[in-house]
Structure formats: C-alpha cells, structure tokens
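There is one chain below, alone, in structure tokens, taken in the form predicted on its own.
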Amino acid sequence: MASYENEITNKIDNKETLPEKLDIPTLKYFWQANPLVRNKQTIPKFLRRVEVLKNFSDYQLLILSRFLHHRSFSKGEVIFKEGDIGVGFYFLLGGSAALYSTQDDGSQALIVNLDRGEYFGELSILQDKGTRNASALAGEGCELLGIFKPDLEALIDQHPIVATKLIHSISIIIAHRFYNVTSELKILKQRLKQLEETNAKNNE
C-alpha cells in the first residue's frame, strides 16, 4: 500500500501539481484568529497555539498557512512508511497519529503516540532525499497540516523572513529531539554498566 507521502513524492518527481494549499482570505483569517470568536477549532487559532510557532506574528502565520496542505485521514491510513523518501513536515490539527519502527522479526514497535498540536517529520524536509526511519499511521479523527519541500523552497523565495523562522523552529525541534535521545542513551548506558557489574559480582 502506498503511503500519502509516497503519493506526494511521485507528484514532485513527475512535476505534477500538489494538492491545494490552504487559502483562507485575509479578513476571514484574522476573524477566526480573534480570541473573542467562540469557535475554538479554527486553523488560525490552532497555528497560534503551536509551541514552535510562538515567535511568528499573526501576519507571518497567515503567510505560512498559505503554504500548508490540509488533509483528513482514516484511522490506520499510512501517512508515511519507514524507508520512504521524506518530503513533508506535519502539524497534527486534529485526532491522533502514531509512529512505529520495524523490528528484526518484522513486527512493528510503537515509538510514540501523537495528539493534537504535536508535529512530526521535521528532519526529512531539511534533508536531501533522506529516508524515513519510522512509519506514521493515522489514528482516530486524524487531520494534518503539511508543508512539503517544494512549498518550503517557494516560501524561501517569496517570504524569506517567514521561511527563516520556520527553519529556525524546525532546528529547535531537531535539537530538542537530539538532546532527548542523547539523554536516553546515557541512561541506557548507565543501566547496562550496572547490569554488567551485577553479573560480574554474581559470577565471582
């Protein structure tokens, strides 16, 4: 089964048109962004609440929104597969998603469950034909806002300040994830050393 991202990659390779981007009129965007408006589920309000976009102004978020693609997924639908060429970075607008990795025996091990407001896929959008090291599956009510490499390149050309802020935000995400992985490896190394010392004492 082809993943969503695999379909996007094929369109990019074949120079076909990507799915439509968000096109919220300016006045409507700022109306929906207004905290006094009762509807709490608008895309402008969602983007305003995403932690890594906190340094964007409302106008910069409006610009960014026009480079994003919105898609709803069925539960279990494959967003991308381990080994796919990665081309997208995704914000979880609604519902849930999960990341899995393939084990030596071919089974799938859960890495993390993701909920509304979280994001994933950040590394591949900065790499040149980097492959996914995990699979992403849609959960119940999954809705994503995605930006793909051609969109990022267009954003750099047309709105370099907004693009710089987005790349900076992605860099922060990567730095945090790298720090967490390093911390976990340090803990695992300490536990392994303790086990080795315990085994050595038991064998004396």
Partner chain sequence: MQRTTSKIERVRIVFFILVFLISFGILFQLPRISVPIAISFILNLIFSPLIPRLVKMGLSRTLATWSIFIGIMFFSVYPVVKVAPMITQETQNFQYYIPKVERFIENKYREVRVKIKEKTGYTIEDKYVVDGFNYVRTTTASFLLNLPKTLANLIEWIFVVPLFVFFMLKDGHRIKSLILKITPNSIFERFYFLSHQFNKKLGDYIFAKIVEATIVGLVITLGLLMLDVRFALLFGLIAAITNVIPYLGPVLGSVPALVFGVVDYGMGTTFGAMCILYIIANAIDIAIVFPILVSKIVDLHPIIVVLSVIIGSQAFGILGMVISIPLAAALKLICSEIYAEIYQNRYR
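Everything quoted here is computed from the prediction, not taken from an experiment. Positions refer to the first chain, counted from 1.
Although it is not shown, the form predicted in complex with the partner chain is what the next lines describe.
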Next on the checklist: Taking a heavy atom within 4.5 Å as contact, would all three of 74, 131 and 137 count as contacting the partner chain in the predicted complex?
Outcome noted: yes
Checklist entry - Counting only non-hydrogen atoms and a 4.5 angstroms cut-off, does residue 78 reach the partner chain in the predicted complex? => result yes
Next on the checklist: Given that the partner chain is not shown alongside this chain, does residue 108 nevertheless sit within 4.5 Å of it in the predicted complex, heavy atom to heavy atom?
Outcome noted: yes
Next on the checklist: So, residue 114 and the partner chain: in the predicted complex, are they within 4.5 Å at any heavy atom pair?
Outcome noted: no
Next on the checklist: I'd like to know if residue 157 sits close to the partner chain in the predicted complex, meaning any non-hydrogen atom pair within 4.5 angstroms.
Outcome noted: yes
Checklist outcome for this item: Restricting to 138 to 153, the residues within 4.5 Å of the partner chain in the predicted complex through any heavy atom are 148, 149, 150, 151, 153
